[in-house]
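One chain is shown next in structure tokens, namely the form predicted on its own.
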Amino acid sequence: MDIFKPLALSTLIAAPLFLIGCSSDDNHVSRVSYQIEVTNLTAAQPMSPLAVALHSGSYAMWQIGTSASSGLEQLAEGGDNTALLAEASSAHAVTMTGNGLILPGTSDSIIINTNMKSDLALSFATMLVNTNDGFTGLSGDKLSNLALGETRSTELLALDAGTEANSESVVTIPGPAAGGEGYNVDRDDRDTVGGHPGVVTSADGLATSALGEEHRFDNPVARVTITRLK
């Protein structure tokens, strides 16, 4: 008696049942890919490396009128995106850092990939480095309605983290205009995120300001162009 024949027969019978129960489409997850390009529209405000996150709708990188997270504070005061990206990662976001400083009149572009979700959103932030705690970006921009191959551009306003008074002093401005301390854990401003009032500068009578007329900025300060690649 050939003992292998019953085994072979049972294997042939079981195999189709296995295939029926585990269709290759059952565990299929669609992947999406986006190109994020940010252009600096200011005259003399370099922007810090981008902190970019793709996430579900339950996460917010910041909200107008609420207190900035520690990660946002560190980015807005000193240009360091490390803590902000860690916060996003802990909320199950897919994160990326930019390629470096975005100088006035130039752009930075990254490509970021994740799984498709019905509530997929984009957040990113970058500091205006010749300010105390000025930044710009998007928080919770919905991507689910962006079709394959479609491009969307948005002009961005200057924002204020509300964590550091806008003294413009040589001690507190971290950018090339001064080289001050940047991030400080103490908060001495309104402690809510809002629109940035702009800079006064020494040219307009603030004698203690490290900033000159060239550091002033109008809105919009940046433009983001989002393209769905996949």
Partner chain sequence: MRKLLSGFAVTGALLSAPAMAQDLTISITNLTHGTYFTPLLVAAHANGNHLFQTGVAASAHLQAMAEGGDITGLSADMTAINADKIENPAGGLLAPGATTTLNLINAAGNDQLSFTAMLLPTNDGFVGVDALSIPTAAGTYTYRVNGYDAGTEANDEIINGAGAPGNPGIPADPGGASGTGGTGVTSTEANTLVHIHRGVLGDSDPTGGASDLDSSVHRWLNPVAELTITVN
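Computed from a predicted structure; not experimentally measured. Residue numbers count along the first chain shown, from 1.
The next section is about a form of this same protein that is not shown, the form predicted in complex with the partner chain.
Proximity to the partner chain in the predicted complex, taken as heavy atoms within 4.5 Å, picks out 59 to 67 from the listed stretches 173 to 181, 59 to 67, 46 to 54, 32 to 40. For the options N99, T154, T106, S90, the one in contact with the partner chain in the predicted complex, meaning a heavy atom within 4.5 Å, is T154. Mapping the unseen interface onto this chain, R190 counts among the residues with a heavy atom inside 4.5 Å of the partner chain in the predicted complex. Taking the partner from elsewhere, E73 is found to have every heavy atom lying beyond 4.5 Å of the partner chain in the predicted complex. In the predicted complex, at least one heavy atom of D218 sits within 4.5 Å of the partner chain.
Taking the partner from elsewhere, D80 is found to have every heavy atom lying beyond 4.5 Å of the partner chain in the predicted complex.
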